[in-house]
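In structure tokens, the next block holds one chain alone, the form predicted on its own.
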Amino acid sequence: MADTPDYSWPSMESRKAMGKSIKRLDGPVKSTGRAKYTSDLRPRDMLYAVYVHSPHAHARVTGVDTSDAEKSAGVKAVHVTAPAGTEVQYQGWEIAAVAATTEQAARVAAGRIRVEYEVLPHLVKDDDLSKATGRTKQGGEKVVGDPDETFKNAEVVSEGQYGIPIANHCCLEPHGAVIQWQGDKVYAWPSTQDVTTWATQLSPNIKVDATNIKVKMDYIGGGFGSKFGPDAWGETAARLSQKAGGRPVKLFLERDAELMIAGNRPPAYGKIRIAGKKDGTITGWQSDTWSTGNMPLPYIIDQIPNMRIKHDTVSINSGPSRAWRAPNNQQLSYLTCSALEDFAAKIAMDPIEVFKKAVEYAPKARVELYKYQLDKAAELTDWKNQWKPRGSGSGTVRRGLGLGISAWGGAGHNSNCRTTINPDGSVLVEIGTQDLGTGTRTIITQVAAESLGLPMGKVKLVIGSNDLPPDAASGGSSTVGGVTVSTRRSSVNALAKLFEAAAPALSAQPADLEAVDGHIRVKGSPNKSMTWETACKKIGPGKISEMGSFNRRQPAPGMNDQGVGGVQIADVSVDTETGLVKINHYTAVQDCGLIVNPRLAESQIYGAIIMGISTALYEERFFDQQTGKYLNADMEFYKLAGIGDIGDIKVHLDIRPENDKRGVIGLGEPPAVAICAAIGNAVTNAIGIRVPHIPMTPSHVLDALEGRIA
């Protein structure tokens, strides 16, 4: 082979496939309904599985009788997942499952399983720490500098209490899988964000070698951080299939169970004080927070010289938490940005100017970025003319502007790709990744086409199976950074082999060749060329098949990177008589490294904002503390935003050359962070009083206006 190929990305001005707003390759099959999601699958002789769930928030199982269910018509298998002695920690806990020939038969049989419980004390609400006696764990106290002296001598001290409650994952396709156990092999079609290692995680639970578990998934109906491993339902479906003699079993959570047990984003509550000067300089920070997880404050501006930080964790009986588009960041952004905006109001200063001073305490590499983004966001929203001091509006409907800031990593994950060039000119790219609906198929194909000098239609891509070169889970905004590097390297490696085969016919050295517009030609001599197909015939009877890999422990400077920031501004109107909040305009400025596909990058940001608006304005779950019951585990009363609730969204991709040179950085999570903070601050700016808790529902807004919030 010639000297080690140059894997670096083509310059911005020379890219032909990358950097273009190509429509999603899977758009037509999805929009026409031809795409088959796991929940659509109906393999021959498939059985339908139904769970029996605990009705109690906290209890001990004392007995499970499945005898009547086993005799029920159509039942082929029954499996107990929580035998006597199991301590149930939340409503919806899986007790047993039934597999039958029809869904109705499975439901009838499940209703015949008799479960006895010893009901135990529970706590399902987390907003009032005083009511969590015996359920808290102190996280200690962190002190930096001299916060006591700082607050004592401060020119200004602002304080407030803020809360962002638990929000549920709500994937359009619920959690589950179709599984068939045949002999010593298990075939699985899960809804997962981790095709490659799903089998590895299931293997020890069912005592089957991971190499004998074959995993396949073409399309997933949402994940957002909640669908990595097989979970209990993966194992249960496998056990039911085994007991049913190897018939495939479909087990997907019902919508109420999906909301109760499939994962949620933890809450965050806190009392925060900021000390500072009247010119907007922050000198001290004090926070006393609690949640069901860890909340490292302050967010981004963590280099404040004088700080006291205390945090308690609370244990409640309301379902498990799971990663959700930038775990912890939404909560931290809301608490921090709310406190910053209140400080700005206390000194009667423009929040943009206060935030510009505050980001001096951000990591040094990001300070100038945030200042640029704050100015750019202000420019795009005409902040100078549109922003008014808090509560200065009049009339029934009042307008307000608010901002929030965000940060995220986005480093690439471990990835392996194989590119095969055949003598007939066809190209096959294989990689064991998954497309969560983010456009991964399109991105990989663009990179391969760019690297090989071909149109995208000449590249065939295969993903979604653990028989392919291994790739990591799609989480942490890590997919695009990993797959682009492995695809680039494998494609360039394969092309180098093709150059070796074609060079003699062009009377050139392999290093002197390039692939451009479907031709292999001599650099600087475009007349000395041959078509791609002609060059491929030089391969001979075999084929070229080359691997390319990326290991996140071995950075690839210039190819991918991590660390991005963003600024977002919400423009809202609030009806002070009804409490209704309307989004007028929403602006997002996002740092994002090298953009492979601007259309898809913008789509990521649009989706993040839509999801965040839903959380900021509507998503609220209700529990009855007396019974421990989840009262709105359905799609009628667990409200989500509709198309009419979103308003106008404006996205600015910060693709300045200095960002492009950093390489590819993941974008799934960073734009999902700041929405609650921006909307919360905008509502406060409009009505002149802080609505301390998300969501900004009419009842919460009216409570604040009427002074019903302590």
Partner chain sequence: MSSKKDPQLPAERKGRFSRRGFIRGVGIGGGALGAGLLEKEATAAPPAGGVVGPGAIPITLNINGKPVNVSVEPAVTLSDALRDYLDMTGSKRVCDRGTCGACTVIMNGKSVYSCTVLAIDAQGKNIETIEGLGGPDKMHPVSQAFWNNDAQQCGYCTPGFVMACKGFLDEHPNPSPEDVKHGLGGNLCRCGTYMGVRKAVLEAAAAMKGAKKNG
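Residue numbers count along the first chain shown, from 1. Please read all numbers here as calculations on a predicted model, not as lab measurements.
The same protein also exists as the form predicted in complex with the partner chain; that form is not shown, yet it is the one meant from here on.
Residues placing heavy atoms within 4.5 Å of the partner chain in the model of the complex fall in a single listed stretch, namely 95-103, out of 416-424, 363-371, 279-287, 95-103. Taking 350, 173, 312, 302 one by one, only a single residue has any non-hydrogen atom within 4.5 Å of the partner chain in the model of the complex, and it is 173. Site annotation in the model of the complex: the residue of 250, 489, 79, 122 reaching within 4.5 Å of the partner chain with a heavy atom is 250. Under a 4.5 angstroms non-hydrogen atom cutoff, the partner chain in the model of the complex lacks residue 142 among its neighbouring residues.
Although the partner is absent from this view, residue 34 contacts the partner chain in the model of the complex, with a non-hydrogen atom inside 4.5 angstroms. By the criterion of a heavy atom within 4.5 Å, residue 660 is excluded from the residues contacting the partner chain in the model of the complex. Taking non-hydrogen atoms only, residue 63 never approaches the partner chain to within 4.5 angstroms in the model of the complex. Taking the partner chain as positioned in the model of the complex, the residues of 194-230 that bring a heavy atom within 4.5 Å of it are, in sequence order, 220, 221, 222, 224.
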